[in-house]
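Below sits a lone chain in structure tokens, taken as the form predicted on its own.
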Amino acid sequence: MPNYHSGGHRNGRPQRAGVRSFSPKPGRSNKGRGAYIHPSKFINKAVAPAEEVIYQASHTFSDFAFSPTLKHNIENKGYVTPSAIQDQAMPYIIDGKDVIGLANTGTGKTAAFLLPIMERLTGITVKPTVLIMAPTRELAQQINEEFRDFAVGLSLFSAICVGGANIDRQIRDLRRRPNVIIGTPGRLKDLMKRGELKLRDISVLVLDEADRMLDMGFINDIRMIVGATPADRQTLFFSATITPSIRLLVQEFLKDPVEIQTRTAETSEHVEQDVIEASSKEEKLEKLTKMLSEEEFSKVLVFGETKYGVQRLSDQLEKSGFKSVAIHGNKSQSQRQRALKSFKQNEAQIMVATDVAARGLDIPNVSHVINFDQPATYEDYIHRIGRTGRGSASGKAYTFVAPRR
């Protein structure tokens, strides 16, 4: 790739000398956006991933006591051998235990909780019986799509309750008494306040991407929703990390939980990371356009700071001849779904997104992550660049910074 920056790597090594003279972000300070992140933290020579150890599952899907129809649907999805989180968590979920599942995004945790739940729902007439909470509309939609794939021929139905979509339609879906409700905390809370969502018969509660829900400030909504469910429910708690605040929630919501730890290390050290110096938004756009013209930038996730800025950047890239989609909070649910589908299926080369909109999404084969605007925290940075270089694949990440003085 051509050298688009004046600092960075020399002779294959990160050049750190003089990095302390970098200025803050061009055109503005980081005041109000979290701690200033030194540009040296955006530079890393990738370490080759250690040889991947193939997980040896103790079960196959056919070993579990699922109905013939559910087994047929599992086979139709191409599932034969469970992933680590599926193999280890499903026996406990089937037994009715509370479970803490610590697993990376994209490791099959959705099926790990859906399959045992769906087997138990067969023949149950009390509805709704299951509540699944997720941090974002997109993750809720992904869970719902997987539920529908597994539910073919089982007479099991779901309702999805998320913001950015027509609430009247969601109310109609709830009044049909679905077996499973899948939703985001804000919309679930709204529906409860309207008296349309009643949780007195919930026997299984799933909190998916619990760490992200806390990051997004949903803790009070979650407490209110969980407080409306029966105390004798089964609770399944999935998270990528287990922070002190998550431990407090676990103690509050779960009873004698079994903890399953299948999380692997962050991929960030396996991602080639570098900075690109630019003194203005115009220069950033010019350099970004030049980069995206290169053949290696085949599937690129670009992060921006604001909803308006993300949409504007995507529109500018479209005018420059690139196939780009935007995903942010001002988009309706259907617009976001179309954009995500287009990017996943390689109809669009570029997806421009805000941090919140991109959380919880499993997007395979991202070749590059570009931070057009710097993240608010270093943790957000790690989460962003973790979208590339997954598994044994290589990945690259670039961050725009102000020029060195």
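Residue indices: 1-based, along the sequence shown. The shown structure was predicted, so the numbers you read here are calculated from the model rather than taken from an experiment.
Not on display, but discussed next: the form predicted in complex with a small molecule.
With the small molecule omitted here, the record of contacts in the predicted complex names 106-114 of 325-333, 91-99, 292-300, 106-114, defined by a heavy atom within 4.5 Å. For the chain shown alone, Tyr79 is a contact residue for the small molecule in the predicted complex, at least one non-hydrogen atom being within 4.5 angstroms. Not displayed here, the small molecule is approached by Phe61 to within 4.5 Å at the level of heavy atoms in the predicted complex. For Gln86, a non-hydrogen atom is located within 4.5 Å of the small molecule in the predicted complex, even though that partner is not displayed. The small molecule is not shown here, but in the predicted complex it comes within 4.5 Å of a heavy atom of Glu146.
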